[in-house]
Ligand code: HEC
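Take a look at this single chain in structure tokens; it is the form predicted on its own.
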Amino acid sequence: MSHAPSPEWRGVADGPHTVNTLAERLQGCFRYSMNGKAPPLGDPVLVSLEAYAYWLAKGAPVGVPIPGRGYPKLPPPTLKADYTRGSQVYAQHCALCHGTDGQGQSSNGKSVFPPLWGPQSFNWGAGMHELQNAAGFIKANMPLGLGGTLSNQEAWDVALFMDSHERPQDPRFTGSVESTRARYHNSPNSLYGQVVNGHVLGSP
């Protein structure tokens, strides 16, 4: 089974003015969010995921927001997001599942609760490394089964705490953290290349 999915306009994935097909977008999920190796175009895994996405969308109205789709875009926090406050939110609401060290939990070698930083987490190219994405996701979905119970401020604070830790390198790394930030992370919502607790995030 194969089909030609509609292209998606993406202004930041691989540089400005990029149009991705659904298959290419799925490859990005493997490459960045999963910090893995993307199947090649036409691979049965990608075709199956495309078919599943097509099935999920069958009968859905076009141009109408679907309840439960995505996550909210939070307004800027009332107070500037803070590492210390975020660590307190993490300890109270997140550590039970994701571990005090942020490395998640596994059972029989399979991840049950994913790591949020460290060598097994999503890498610096993933959308979750950007504070506004992480805060919106956390607000809508976390803690597990209690989405919407954290305040906007708590979501921003714990997003900053999570994203202030080291993780695998951005696959687009140019050899220089400074130039990689300038090209791909030039945003106040990205901590890549910034100094946190005396460490330049993204550096070896």
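The structure displayed is predicted, hence computed values, not measured ones. Numbers for residues come from their place in the sequence shown, where the first is 1.
Only in words, not in the display: the form predicted together with the ligand, which the text now covers.
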Heavy atom contact within 4.5 Å of the ligand in the model of the complex, the stretch among 60 to 68, 157 to 165, 172 to 180, 39 to 47:
157 to 165
Can you check whether residue 137 is within 4.5 Å of the ligand in the model of the complex, heavy atom basis?
yes
How about residue 144: is it within 4.5 Å of the ligand in the model of the complex, going by heavy atoms?
yes
Residue-level question: is residue 26 within 4.5 Å of the ligand in the model of the complex, judged on heavy atoms?
no
Distance check, residue 93 to the ligand in the model of the complex, heavy atom within 4.5 Å
yes
Only counting heavy atoms and a 4.5 Å limit, does any residue of 83 to 113 reach the ligand in the model of the complex, and if so which ones?
93, 94, 97, 98, 112, 113
